[in-house]
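Presented as structure tokens, the chain that follows is alone, the form predicted on its own.
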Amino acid sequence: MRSILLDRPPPRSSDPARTLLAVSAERSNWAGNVTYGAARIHAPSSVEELQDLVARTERIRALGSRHSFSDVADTTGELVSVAGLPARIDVDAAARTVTVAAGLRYGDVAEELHRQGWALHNLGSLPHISVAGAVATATHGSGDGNGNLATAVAALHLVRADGELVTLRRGEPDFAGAVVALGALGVVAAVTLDVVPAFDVRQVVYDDLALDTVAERFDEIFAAAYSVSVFTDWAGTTRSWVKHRTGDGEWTPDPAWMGARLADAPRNPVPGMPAVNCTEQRGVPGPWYDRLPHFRLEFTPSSGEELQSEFLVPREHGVEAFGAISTLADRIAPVLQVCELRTAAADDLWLSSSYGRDVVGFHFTWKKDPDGVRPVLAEIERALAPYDARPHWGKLFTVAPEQVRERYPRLADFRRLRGEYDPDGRFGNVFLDRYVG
């Protein structure tokens, strides 16, 4: 097992707004805005090593691919990365599942799945994120009929506080509370996911989609294909990514869809950025894993020079929420790279941002300007307050903890579950204390 000893950084404020800080890369997240307070980062090479480490460590947290912008993974104890566990990808064709090592990236899992004739129902914008990290925070792709990535979980293989490896399966008591658990119940060693037969996707991009049209034809736009995303910089550039499964019937891209123009060349979701790191567009059919993400696995889409926030609003309030954000366009645009609108289907996972309701996600990729972003973020949160918006656990937000807690009706049940799995708070941290209690 490899362990990296880190000098402890000075204490940080527990105010979530203060996680908007620039820090050194060695002990920070991908974006460099969160400094980890851990003394060591461990990288066990076997599940047995992971079990031993957890059992003998007083405070420990799992660290994924570091793509969270909040301090959800932080700890004053020790961090453990499961990226070094054996790269397990075991397909059970009869059960239509695949069991994968928790630290694998979705892109690596997807390519092997496709080689064997299978697919996942959904993928996020980035194929670079780890399976366990994305599941634990209810990270998602898009599509009216598509649940977030955590909804594909059929079983979790989890190392508890005493070092025991346990398996929780769909349908068992408390399973729905354990899937999106923010690392509070233990360290996930492997995940079993539902799979479907492999499929192809064609994606096209449309330029100059009018914001008024988005508001007027909101439901029609997002129901137009298997996956639809609308990107805007709130300063005049608005584009839509429309992804259609080739097996869902005949489909010919409309050159003037919703009044927008079919793009005449590949586009990057961020205005002004090159499209070389984006998945192939212009209606060229290709495998699901190389079309559902916006970005290609072999390219890093940016160097971390950004901050991100996202708010998930009940679908019935989507148009009103869109209008509320529109009133802040002049405030948002100067500190924004791009804003993405996307949808996800309801689920029954207790701490999922889609628990009990279909949602619209308003995702903001900010410039790396903490002082400029912070007040604008607070204005957005105030504008969305009437619409019961849930912030993404892995993104930046400043919503008061009591307001976050009241938006999760099964939170008391989750607290009970946490007490059963981790009675001594071995997996706890400031983030969990603040928002879960």
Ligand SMILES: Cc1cc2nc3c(=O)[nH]c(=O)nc-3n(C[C@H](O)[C@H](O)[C@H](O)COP(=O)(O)OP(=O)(O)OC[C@H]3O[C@@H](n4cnc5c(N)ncnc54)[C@H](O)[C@@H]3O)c2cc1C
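Bear in mind the structure is a predicted one, so any value in this text is a computation, not a measurement. Counting begins at 1, following the sequence as shown.
One more form of this protein exists, namely the form predicted in complex with the ligand; it is left out here, but the text below deals with it.
By the criterion of a heavy atom within 4.5 Å, V72 is counted among the residues contacting the ligand in the predicted bound form.
At least one heavy atom of H392 is located within 4.5 Å of the ligand in the predicted bound form.
Proximity of L396 to the ligand in the predicted bound form falls outside the 4.5 Å heavy atom cutoff. Mapping the unseen interface onto this chain, R291 falls outside it, with no heavy atom inside 4.5 Å of the ligand in the predicted bound form.
Proximity to the ligand in the predicted bound form, taken as a non-hydrogen atom within 4.5 angstroms, holds for one residue of A110, A136, A344, L349, which is A136. Note on contacts: among Q337, T97, N146, S125, the single residue with a heavy atom within 4.5 Å of the ligand in the predicted bound form is S125.
Comment: 62-70 is the region of 40-48, 403-411, 368-376, 62-70 lying near the ligand in the predicted bound form, near meaning a non-hydrogen atom within 4.5 Å. Contacts with the ligand in the predicted bound form, taken as any heavy atom within 4.5 Å, map within 172-197 to L182, G183, G186, V187, V188.
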